[in-house]
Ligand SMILES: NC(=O)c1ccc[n+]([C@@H]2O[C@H](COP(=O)([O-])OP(=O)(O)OC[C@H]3O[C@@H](n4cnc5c(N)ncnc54)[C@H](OP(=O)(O)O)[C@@H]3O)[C@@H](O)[C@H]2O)c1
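First comes one chain, alone, set out as structure tokens in the form predicted alone.
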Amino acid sequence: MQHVDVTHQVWERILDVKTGAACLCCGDWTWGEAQALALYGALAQPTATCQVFAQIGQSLDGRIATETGDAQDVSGKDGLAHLHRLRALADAVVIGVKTALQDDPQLTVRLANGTSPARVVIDPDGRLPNDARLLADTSAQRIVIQAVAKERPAGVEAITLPRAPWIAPEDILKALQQRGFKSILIEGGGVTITQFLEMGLLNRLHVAIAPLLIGSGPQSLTTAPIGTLAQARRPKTAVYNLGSDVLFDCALSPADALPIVAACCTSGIRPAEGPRL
């Protein structure tokens, strides 16, 4: 298990990598800083194609909330900071309407430096009220993907797509890509993430496990059942110690399982003498 040390210098480098202003291969870093560069660099590097990644926080027994729907404290403080870093690396963050109704989230970047992404809610039946916090806050682009003709507040874009019985994840990603989003975070809940996972649309999956036992409540991921363990997905996985939580970083496509390769910049920064990425 790798310890992650997200120092101010590391995170500023990651943000510069996202904008194409820096590389990942130069600089003197401690081992923990190098692991942070490896973890977040995989998501920060600009790509020619759309990158879709998901994050889910869960308990030791695989729950994401209590039976009453309380999910506020599943992740520890470092797990929450990790989630906010992922938001800062995304162009758009996507959640399902059940999560939006249950948690009334803001979907902003508050626990890390960075710009808040566009907020996208999948709301087939138009259940999300127009006064929801993620729609009322005008600091970022807001999109509702729905299958009904429901009026939305000024400044909120409503994208109407067919459903059968759910709005197809492929159609959702196509609509978002047409609007220029190239880095998309599927944040929740478990059913929404599972839909994208089952269709093979995720490049990476982050599973953050916090040391608590809930006992009952919604499960984390509910993929289709299999008959034998030989049929189970076994993605290439790196394990990181975030502090309060343990993170499993799962690469879901062969290209994403390869080591990070970045062309050396010409800024004159001396390559690291310690662990290299």
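Heads up: residue numbers just count along the shown sequence, starting at 1. As the structure is a prediction and not an experimental result, all values here were calculated from the model.
We do not show the form predicted in complex with the ligand, though everything after this point is about it.
Next on the checklist: Each of Thr19, Thr108 and Gly114 within 4.5 Å of the ligand in the predicted bound form, by any heavy atom, yes or no?
Outcome noted: So, no: the whole triplet misses the ligand.
Checklist entry - So which of 134-142, 164-172, 177-185, 149-157 is the stretch with heavy atoms within 4.5 Å of the ligand in the predicted bound form? => result After filtering at 4.5 Å, what remains is 164-172.
Checklist entry - Considering the ligand in the predicted bound form, which of Val97, Leu86, Leu205, Ala92 comes within 4.5 Å of it through any heavy atom? => result Selected residue: Val97.
Checklist entry - Which residue, Gly32, Pro235, Pro218, Gly243, has a heavy atom that falls within 4.5 Å of the ligand in the predicted bound form? => result In short, Pro218.
Checklist entry - Taking the shortest heavy atom distance, is Gly76 within 4.5 Å of the ligand in the predicted bound form? => result Outside the cut-off, so no.
Next on the checklist: Taking the ligand as it sits in the predicted bound form, is Val191 in contact with it (heavy atom to heavy atom, 4.5 Å or less)?
Outcome noted: The answer is yes: Val191 has a heavy atom within 4.5 Å of the ligand.
Checklist entry - Looking at the partner-bound form in the predicted bound form, is Pro46 within 4.5 Å of the ligand by any heavy atom? => result Pro46: no contact with the ligand in the predicted bound form.
Next on the checklist: Using a 4.5 angstroms cut-off on non-hydrogen atoms, would Gly57 count as touching the ligand in the predicted bound form?
Outcome noted: Heavy-atom contact with the ligand at 4.5 Å: present for Gly57.
Checklist entry - In sequence order, which positions of 59-74 have a non-hydrogen atom within 4.5 Å of the ligand in the predicted bound form? => result The stretch 59-74, when checked against the ligand in the predicted bound form, contributes Ile64, Ala65, Gly69, Ala71, Val74 at the 4.5 Å heavy-atom cut-off.
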